[in-house]
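Starting off, we have a lone chain in the form predicted alone, written out as structure tokens.
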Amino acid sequence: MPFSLTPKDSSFYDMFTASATNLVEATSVLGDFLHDHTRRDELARTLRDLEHKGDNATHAVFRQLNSSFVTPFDREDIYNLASDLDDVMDAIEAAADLVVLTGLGTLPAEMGQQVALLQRCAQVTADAMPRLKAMKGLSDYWIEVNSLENEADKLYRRLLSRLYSGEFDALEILKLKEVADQLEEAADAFEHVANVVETIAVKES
């Protein structure tokens, strides 16, 4: 490791870990939201609070980035990692908000499976963030997230096939597809996070 008279700001590691941990909580709440119709308004509010918490964490990273003279890795990668973590949270909150706003009732089982994949993505992402400091043991993380995102893509296509099968009326199809799209965006954003981590690891190797 090269010697430097100017210490690198290590606070980013804790910030990224906090953002990812927030996503673990959000995906857990989203799972409850899908299955507990009686608490949807309450749980949607909880997700909005978590989204605000995520926004604050993202802005904290940006402020720290602007005030740090030496960063632990490329500034662009720090910005992208924070932004992609925030994108996951935005998509999760949007999915729940759409369910409430459009008055959807029982959701297709495939959406529960989508959320289960997001929960797994969130957990492995939260587990990986502290390992950024040592840049070790990260390849298993991005490989798993890429695999989970591929599974999410297949599930999304199966859900679309079901939506267009004649089982649902036209208006319900539109409502459900909007929610499905947001859940798919969340899975994509998790993959973007993993891709940034892989980029960082390659540069630092």
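In case it trips you up, residue 1 is the first one in the sequence shown, and so on. All values reported here derive from a predicted model rather than from experimental measurement.
Heads up, the form predicted in complex with another copy of the chain isn't pictured, but that's what we're talking about next.
Contact with another copy of the chain in the model of the complex holds for all three of Leu65, Leu101 and Leu171, each having a heavy atom within 4.5 Å. Of the heavy atoms in Glu144, none are within 4.5 Å of another copy of the chain in the model of the complex.
Although the partner is absent here, Lys133 sits far enough away that none of its heavy atoms falls within 4.5 Å of another copy of the chain in the model of the complex. In the model of the complex, another copy of the chain sits within 4.5 Å of a heavy atom of Asp97.
For Lys177, a non-hydrogen atom is located within 4.5 Å of another copy of the chain in the model of the complex, even though that partner is not displayed. Interface residue among Leu148, Ala57, Leu160, Val29 relative to another copy of the chain in the model of the complex, by the heavy atom within 4.5 Å criterion: Leu160. Of the residues in 22 to 44, none comes within 4.5 Å of another copy of the chain in the model of the complex through any heavy atom.
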